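This document starts with one chain, in the form predicted alone, laid out as structure tokens.
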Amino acid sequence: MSAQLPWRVAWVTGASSGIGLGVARQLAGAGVKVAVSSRRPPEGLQHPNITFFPLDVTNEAAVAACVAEIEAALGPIDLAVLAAGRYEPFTAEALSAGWFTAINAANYLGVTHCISALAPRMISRGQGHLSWFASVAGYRGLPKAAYYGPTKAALINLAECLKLDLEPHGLGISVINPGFVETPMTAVNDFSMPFLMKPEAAAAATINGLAKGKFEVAYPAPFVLLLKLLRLLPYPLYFALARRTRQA
């Protein structure tokens, strides 16, 4: 990763663990002032360029107040990396409306709360970069992902919409679509995870993609290609393959 990054102040949500934590560390190490937010303080994240701002992204008013506090303390936010999210494996036997609501609140609405607080400020300045984590799980319906996958599909669609609407105002928009990454979120999975990545490698790939101004930052490449090819299949063939994978 180049030490010369185009941002002075970055905001990273979901920074208590996983990719968000890695992104915060690597940005700070490259000289960026980083505001990190999560419900609990990140462990072992002491760096002179990092300031912690506690936040639950599902609270819209708290998000707006947090953005104002960050900009008052550190200056205008140049880059937002919205990594806060939740995951719960789906089982048909334990289908829960509560989980649909909770995962949507954290994954989708949490991002919209952050965008709503940040975009007007960035538009008034005529610059800024908004990015958020979706997932390759948003490409197509996958087994055990009924709580999680639809929120990520919505985030991909949101990025496509906002690129068209916000780009004319000078804003950059990026959607980050990781495959399987070794984090506390994926630790609950009871199935084999192909092309499993370390969070540090995922964080580096994220920052490199954002620094290049990519709309979609997706990794690892072989898994992304495979799932994009599956997205092209007609439903009967896709469902036949997906059922075989589930039974494997």
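Don't overthink the numbering: it's just position in the shown sequence, from 1. Every value quoted in this text rests on a predicted model; they were computed, and no experiment measured them.
The form predicted together with a small molecule is left out here; the points below concern that form.
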Is residue 200 close to the small molecule in the predicted complex, meaning a heavy atom pair under 4.5 Å apart or at it?
no
The small molecule contact at residue 181 in the predicted complex, heavy atom, 4.5 Å:
yes
In the predicted complex, residue 86 touching the small molecule (heavy atom, 4.5 Å)
yes
4.5 Å heavy atom contact, residue 57 to the small molecule in the predicted complex:
yes
Tell me which of 145-153, 159-167, 122-130, 70-78 has residues with heavy atoms within 4.5 angstroms of the small molecule in the predicted complex?
145-153
